[in-house]
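One chain follows as structure tokens, the form predicted on its own.
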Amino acid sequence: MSRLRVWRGFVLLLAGIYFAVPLAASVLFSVDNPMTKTWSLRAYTQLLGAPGFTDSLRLSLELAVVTVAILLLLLVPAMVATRLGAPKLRPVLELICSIPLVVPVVALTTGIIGVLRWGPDYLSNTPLFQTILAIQNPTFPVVLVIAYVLMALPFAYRAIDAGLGAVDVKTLVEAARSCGASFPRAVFSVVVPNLRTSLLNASALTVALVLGEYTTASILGFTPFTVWIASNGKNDGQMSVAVSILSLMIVWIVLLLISAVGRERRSRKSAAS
């Protein structure tokens, strides 16, 4: 056992060095001032005060929240329904959710562009044409939400499927129905609380994907946080490194908040039991 602990500690130490050394070197480079041989936060202060910083960050967070909400609203009822009423459709649903894994992001974006450009001129006054224009509103591009939902489908499906596999969904629903609960109430009051951890994992994966996605947003011409940091870090080496570190810190903070919510609820549940 002691030998196992030593090897475990050695592996953790190597992993820590692998991740910590590049980050520490990047931080030192971003604050180093070679002219005066001192440290300075100039790159960070200029970055935080740059125009568009707040707007792009707010847009990315809004896109992440809406993407998570739509993804869970689509996936959870579909996966619960297949488990309860149509188990033979589970492979079909799994296949559909796995398709984005084999479709390159550039190809997906090219397809989206083709759809957005579709439509002859005589349809310009129709609701369909106006809807296509509305989902490209730069203030909140719904088309990005659609793309992010497709990209996050495989990861969210695996996380929720693991949670569903750990509970007996059919027995839970039948027990709730025998106590007088309706089917929707049985699902949302009994099944969903037992999936809290897997739902948080799916949400964390989706948030990480949305906050780090660059290709689709850049090609479609929108400016969420990733596109903004790429365009504002080209002229200054220290600022580009500061942008990368700041982006990484924001993603970590969001994921830690999601994880903290899950731990707090588990602690309350353990204390109540």
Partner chain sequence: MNDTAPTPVPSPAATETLSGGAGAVSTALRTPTPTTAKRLRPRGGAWLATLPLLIFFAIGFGLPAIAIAIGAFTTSDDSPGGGGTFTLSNITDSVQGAYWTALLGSIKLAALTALIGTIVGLPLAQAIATSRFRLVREFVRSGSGVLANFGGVPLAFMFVATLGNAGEVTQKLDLTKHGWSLYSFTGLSVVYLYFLIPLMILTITPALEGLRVQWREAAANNGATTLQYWRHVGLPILLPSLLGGYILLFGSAFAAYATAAAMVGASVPLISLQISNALSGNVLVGQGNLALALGLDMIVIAVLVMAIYLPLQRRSAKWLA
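What you are looking at is a predicted structure, and each value in this text was computed from that prediction instead of being measured. Positions refer to the first chain, counted from 1.
If you look for the form predicted together with the partner chain, you will not find it shown, but the lines that follow are about it.
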In the predicted bound form, residue 90 touching the partner chain (heavy atom, 4.5 Å) | yes
Evaluate residue 199 for contact with the partner chain in the predicted bound form, applying a 4.5 angstroms cut-off between non-hydrogen atoms, and reply yes or no.
-> no
Using 4.5 Å between non-hydrogen atoms, is residue 32 touching the partner chain in the predicted bound form?
-> yes
Would residue 179 sit within 4.5 Å of the partner chain in the predicted bound form, counting heavy atoms only?
-> no
When you measure heavy atoms, are 50, 191 and 223 every one within 4.5 angstroms of the partner chain in the predicted bound form?
-> no
Does anything in 69-91 come within 4.5 Å of the partner chain in the predicted bound form by heavy atoms, and if so which residues, in order?
-> 74, 75, 77, 78, 81, 82, 83, 84, 85, 86, 87, 89, 90
